[in-house]
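Taken one at a time, structure 1 and structure 2 that follow are two forms of one protein chain, written as structure tokens.
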Structure 1
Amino acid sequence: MKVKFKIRRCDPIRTGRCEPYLQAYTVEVTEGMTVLEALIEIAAGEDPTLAFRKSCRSAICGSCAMTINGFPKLSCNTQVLPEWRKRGEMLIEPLRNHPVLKDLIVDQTPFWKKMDKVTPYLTPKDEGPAEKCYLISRQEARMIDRSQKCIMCGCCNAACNSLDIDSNFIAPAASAKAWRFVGDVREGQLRKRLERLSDEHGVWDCVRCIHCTQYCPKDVAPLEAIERLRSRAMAEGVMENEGAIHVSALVDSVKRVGRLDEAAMTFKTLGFLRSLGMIPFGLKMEIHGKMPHPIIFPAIEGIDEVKKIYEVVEKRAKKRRKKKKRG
């Protein structure tokens, strides 16, 4: 079957500017053929100037990530015909949120810079027991299992909605890598790492759009890593940032009344001074009947059950911490 590929190309190295244009190629596609195989065929025959990265062809090296019909995928494990049947076209573009070097090849420098920022190696407390190496339980290893599966392909960063707006955002790939070490029981610089990760443009700036987890080809689930980093930061008492304050305001609100008390949460998150700045907006909301009542906020029926659940969960967490200390 003949399939038309539209490929977004540009050559900033030669021309000095990135002026993307679409070029169409027709490829004879057979069942099971991957997008990468189709690109190789184009480059081998019709157009040897078409540039793209590839290496292992088995979804292990992470080189061939690109935007396929609008979403980041590895071209080596995406088959042409299912995509074609579903979407009715084959639009191939370079990864988003990355500068383009040529055609489908992107500059990975910003990606690696973010990786460097999270100190992507273990900084252990000590050398471990002299007579034997560190023993890690299966459960402890499982905590960081998913983060270890990352192949650095960049799909998550390409899909990240926060990174699209704020290029300084730490972004999902480096966050997952950060959890790889924060979640490692041998790590010695926990607090320092969590403080840095909680800085501006850090893990609290994630908008939870869930694109990273949806489009990771290796099931790394970067959002889960971000959630674990946030939990760990709060557990370690790294609270000097609006993200953690915001979360603890909701945790308190649900414990107190069983639901989200918007006025109290805004006030707690922003603090007194910044809340004053919200007054004009608040007045506009008040005119439209949108201001939640700042004082009276009735609790749900059965709030005692909710309080009891908090108590039980807190007790269990305490018990686990004690056990860990003893261990």
Structure 2
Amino acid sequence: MKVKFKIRRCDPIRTGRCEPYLQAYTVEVTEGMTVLEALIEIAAGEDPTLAFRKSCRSAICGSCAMTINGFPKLSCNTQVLPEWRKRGEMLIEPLRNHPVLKDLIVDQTPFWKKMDKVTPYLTPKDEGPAEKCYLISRQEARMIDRSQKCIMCGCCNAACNSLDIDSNFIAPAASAKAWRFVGDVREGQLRKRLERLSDEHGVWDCVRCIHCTQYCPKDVAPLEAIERLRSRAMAEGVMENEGAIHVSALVDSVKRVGRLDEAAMTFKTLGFLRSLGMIPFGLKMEIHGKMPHPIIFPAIEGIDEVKKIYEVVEKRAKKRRKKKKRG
């Protein structure tokens, strides 16, 4: 059957600036045909000026990632007919959150710069002879297994809401790569890595929209890696940032009253002076009925049970710390 493809095009090389426009092509589609195969047919038989990346055609290299009907996907393993039946159209665009070079080809330079920032290689512990072998258990290997599946396609970054707002955000792909080494028991610069990752524009700027995990074609689950990085940073005492301070305030609030005391948490997270600077914003929230007020009768019923849970968790954490020191 014939299917119309609408492709967002742009040619800054020829025109000197990127002025996107949609161009339509009609392709004779057969069952099982992929989006990449359709693009190859367009370029081969109708318009050789259409630019897009491709390589392995086996969902391994990540080269052919693009936006298909509004979502980042690999075009080599996205079949046309199921997509067309589901969406009712075929709109092909370049990856979002990436500068466009031409048509469906994006500039990956910012992507690789972020990857470079996380030091994407192991820095072993400096202990014992160089030929010393490190025995890694299956459980320890499983901790970093998912992050090793990344094919650098950029789909997660294209779906990232935080990166859409802040181009300096470290982004999901680099965060997943960072966990590959932070989670490795052989890593010798653990705290240094975590301090760098906890800086401004680091992992605490993630808004947990889950899109990176939802649209990853290899089940890398970048959000899980980000959560592990945050947890490990706090466990290592890297607390000089708003994210860790906010989490500590949340934990203290639940321990104290059994629920979130949002008004108190604001002061603990921002500090007194910065909280004063939020007064105009607070007044707008009050007008719209969104302003959290201090809890007058704080403790929930059964607060003693909540505190017992905390006691058990804290005892277990203390045992783990002692075991770690001995080991």
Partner chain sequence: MAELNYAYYPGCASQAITKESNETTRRVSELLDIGLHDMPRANCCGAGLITDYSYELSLALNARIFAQAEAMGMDIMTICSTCLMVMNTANRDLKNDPALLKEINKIIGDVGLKYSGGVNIKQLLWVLAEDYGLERLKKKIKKPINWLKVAPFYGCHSLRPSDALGFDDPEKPWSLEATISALGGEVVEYGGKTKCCGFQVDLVAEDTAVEMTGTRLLDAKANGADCMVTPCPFCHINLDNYQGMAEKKLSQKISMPVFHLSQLVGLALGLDADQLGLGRHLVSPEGILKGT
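Only the largest set of C-alpha atoms that superpose within 1.5 Å between the two forms is called the rigid core. Nothing here was measured: the structure is a model prediction, and the numbers come from that model. Residue numbering: sequential along structure 1, first residue numbered 1.
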Legend entry - Index of the chain form predicted alone, chosen from the pair: 2
Legend entry - C-alpha of Ile279 moved at least 2 Å between structure 1 and structure 2 on rigid core: yes
Legend entry - Exceeds or equals 2 Å, Cα of Glu19 between structure 1 and structure 2, core fit: no
Legend entry - Per-residue C-alpha deviation between structure 1 and structure 2 [Glu314; rigid core superposition; Å]: 2.8
